[in-house]
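One chain comes next, on its own, written as structure tokens: the form predicted alone.
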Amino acid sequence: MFWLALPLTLLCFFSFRKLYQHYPLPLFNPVLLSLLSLITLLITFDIPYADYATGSAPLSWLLEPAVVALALPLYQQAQQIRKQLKPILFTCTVGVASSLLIVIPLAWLLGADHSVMASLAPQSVTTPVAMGITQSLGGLPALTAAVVIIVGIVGAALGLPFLKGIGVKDEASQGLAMGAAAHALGTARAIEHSEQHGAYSSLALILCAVLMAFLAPLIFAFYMLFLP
């Protein structure tokens, strides 16, 4: 599997991407279908994930320059963004606070313990930041990573159709929503849609990660004073 991991991953993604280009339905999202296909393959043939991860490591190495590349659309829209920075910052703050204020008590109502609540709290920001926050709160980083990926895939697949369906037509607003709710995967989808979508989504991704690192410990500690 070591030698097949990389070409198989690329084959799955580009095949499903071509399918998505012909049939742009949310459920045909190439990341979602590639993930499900690879999981099915690993389970069916009893292939250790460690072997697959080692073989596909070059793709993981490309994540760092890919994240840096998100700065390009942000730079191209810098002048327009600068004029709207205050409402953008307010919007991202409300988005992060709302996420925490809803997710933590909802998890408690469903019977989650302290570690699970801590793991779910930062589910709307990019994986490395979310895992670091979870660890500081006493949660389970592995659970956080899984939840963040699921949130990102769902957001990337359904985010833009949902926003258009509820009447959000402004590209900047759509981009901010995608970056705030679906982090890097949502931003990747936003960039495919338009340059402006990508710029605002990249900005929301960055701001929400910083705000989550600041607000999550405060709001989580507040809830822990009252939740048994």
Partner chain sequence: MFSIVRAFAIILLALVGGKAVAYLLPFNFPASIIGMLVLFIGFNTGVVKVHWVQPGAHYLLKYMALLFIPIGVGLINYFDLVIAQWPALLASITFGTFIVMAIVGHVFQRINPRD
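Numbering follows the first chain given and starts at 1. For clarity, a rigid core is taken as the largest C-alpha set superposing within 1.5 Å between two forms. As the structure is a computational prediction, the values presented were derived from the model and not from experiment.
What follows is about the form predicted in complex with its partner chain, which we do not show.
**Q** How about A213: is it within 4.5 Å of its partner chain in the model of the complex, going by heavy atoms?
**A** Close contact exists here: in the model of the complex, A213 approaches its partner chain to within 4.5 Å, heavy atoms only.
**Q** Taking any heavy atom pair closer than or equal to 4.5 Å as contact, tell me whether A190 reaches its partner chain in the model of the complex.
**A** No.
**Q** Is there a heavy atom of S194 lying 4.5 Å or less from a heavy atom of its partner chain in the model of the complex?
**A** No, S194 stays farther than 4.5 Å from its partner chain in the model of the complex.
**Q** G159: heavy atom within 4.5 Å of its partner chain in the model of the complex?
**A** Close contact exists here: in the model of the complex, G159 approaches its partner chain to within 4.5 Å, heavy atoms only.
**Q** Can you name the residues of 96-125 that have a non-hydrogen atom within 4.5 angstroms of its partner chain in the model of the complex?
**A** Going through 96-125 in order - heavy atoms within 4.5 Å of its partner chain in the model of the complex - the hits are S98, S99, I102, V103, L106, A107, L110, G111, A112, D113, V116, L120, Q123.
**Q** Do you see a C-alpha shift of 2 Å or more at Y75 between this form and the one not shown, with the core held fixed?
**A** For Y75, whose C-alpha is compared between this form and the one not shown after core superposition, the shift is 2 Å or more.
**Q** Take the rigid core as the frame of reference and indicate whether the C-alpha of L11 shifts by 2 Å or more between this form and the one not shown.
**A** After core superposition, the displacement of the L11 C-alpha between this form and the one not shown reaches the 2 Å mark, so yes.
**Q** In the model of the complex, do the Cα atoms of V154 and F45 sit closer or farther apart than here, given a shift of 3 Å or more?
**A** Relative to the displayed form, V154 and F45 move farther apart in the model of the complex - a change of at least 3 Å between their C-alphas.
**Q** L74 and I206: do their C-alpha atoms lie closer or farther in the model of the complex than in the form you see, with a change of 3 Å or more?
**A** Distance between the C-alphas of L74 and I206: shorter in the model of the complex, by 3 Å or more.
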